[in-house]
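In structure tokens, one chain follows: the form predicted on its own.
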Amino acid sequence: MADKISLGYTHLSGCTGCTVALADNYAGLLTLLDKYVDLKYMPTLADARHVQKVDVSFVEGSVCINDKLAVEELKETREKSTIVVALGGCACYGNITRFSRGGQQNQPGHEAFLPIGDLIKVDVYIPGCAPTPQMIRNVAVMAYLLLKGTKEQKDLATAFLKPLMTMAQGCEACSCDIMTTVINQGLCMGCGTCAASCPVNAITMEYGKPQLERDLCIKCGACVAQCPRSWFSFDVVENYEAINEAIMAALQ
């Protein structure tokens, strides 16, 4: 595993919380940059002004379709990347930017925002507002193993990334989807994971079942991504220990 993979980071319309989550890996981030990742461009960490050809691109934020430069940058990211990862609820599902309006003093013409998958093909989703630092780190490690690892490592990476790749193929993700696909189907077991993962407390647990406040939901996708009954992957469950060992070994 001597070869590094090249990584790019495109920042569109968002709060930069995903960047903070990435930086919260601390020493783990330094290990990734030292051993596995050649960071080609990123607004806060790499001094590059233009999108470059890379193996993996992380895209943070939704895209404002009133902003011609942002749309062009997103399309260029797709053209120059082998794998595109939508990082965070804004990039995956629109998140809070879905509720944005034009007329603000600094950008009066910016009023329409879309998740990046509405404009380009996305390979992997990492939903959440923001995703956990560990999840970002694990996806980066598994992306490396998928591209540069041994046959066994590539199989483990495929097993780990498969659910996140499936989400990128068109899964909706907000509290309404938890209601229709889990609770209304009698599948909810009252574990409370959805409530624990919600960053805006739009889900509470009452009498052992989740109660949804749809007016508070920002459509970040965290609840669907964390719910064990919204999707279930035998690929991950049956290889959990091997996947965890591979990630921990890579970070040594």
Partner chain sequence: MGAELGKYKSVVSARSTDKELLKYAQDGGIVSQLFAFALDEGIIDGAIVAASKEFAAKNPSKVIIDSTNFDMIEPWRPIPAIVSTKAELLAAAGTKYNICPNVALLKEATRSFGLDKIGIVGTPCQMQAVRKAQLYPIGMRDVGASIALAVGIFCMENFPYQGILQLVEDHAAMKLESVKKMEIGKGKFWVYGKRGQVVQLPLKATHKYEQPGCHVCLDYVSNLGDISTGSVGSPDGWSTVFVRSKIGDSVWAKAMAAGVFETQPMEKVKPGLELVSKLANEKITKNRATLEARKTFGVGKALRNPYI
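C-alpha atoms forming the largest set that superposes within 1.5 Å between two forms make up the rigid core. Bear in mind that the values here come from a model prediction, so they are computed numbers and not experimental data. Positions refer to the first chain, counted from 1.
What comes next is about the form predicted together with its partner chain, which is not displayed.
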Check: Does at least one non-hydrogen atom of residue 189 fall within 4.5 angstroms of its partner chain in the model of the complex?
Finding: yes
Check: Just to confirm, residue 229 within 4.5 Å of its partner chain in the model of the complex by heavy atoms?
Finding: yes
Margin query: Is it the case that residue 83, even though its partner is missing from this view, gets within 4.5 Å of its partner chain in the model of the complex, heavy atoms only?
Written below: no
Notebook entry, point to check: Does at least one non-hydrogen atom of residue 15 fall within 4.5 angstroms of its partner chain in the model of the complex?
Noted result: no
Notebook entry, point to check: Exactly one stretch in 207-215, 28-36, 49-57, 66-74 has heavy atoms within 4.5 Å of its partner chain in the model of the complex; which is it?
Noted result: 207-215
Next item on the list: Name the residue from 135, 147, 119, 96 that puts a heavy atom within 4.5 Å of its partner chain in the model of the complex.
Entry: 135
Next item on the list: Taking its partner chain as it sits in the model of the complex, which residues of 224-247 have a non-hydrogen atom within 4.5 Å of it? Please list them.
Entry: 225, 226, 227, 228, 229, 230, 231, 232, 233, 234, 236, 237, 238, 239, 240, 241, 243, 244, 245
Notebook entry, point to check: Comparing between this form and the one not shown on the rigid core: C-alpha of residue 25 shifted by 2 Å or more?
Noted result: no
Checklist line | residue 12 C-alpha moves between this form and the one not shown by 2 Å or more, core aligned | finding: no
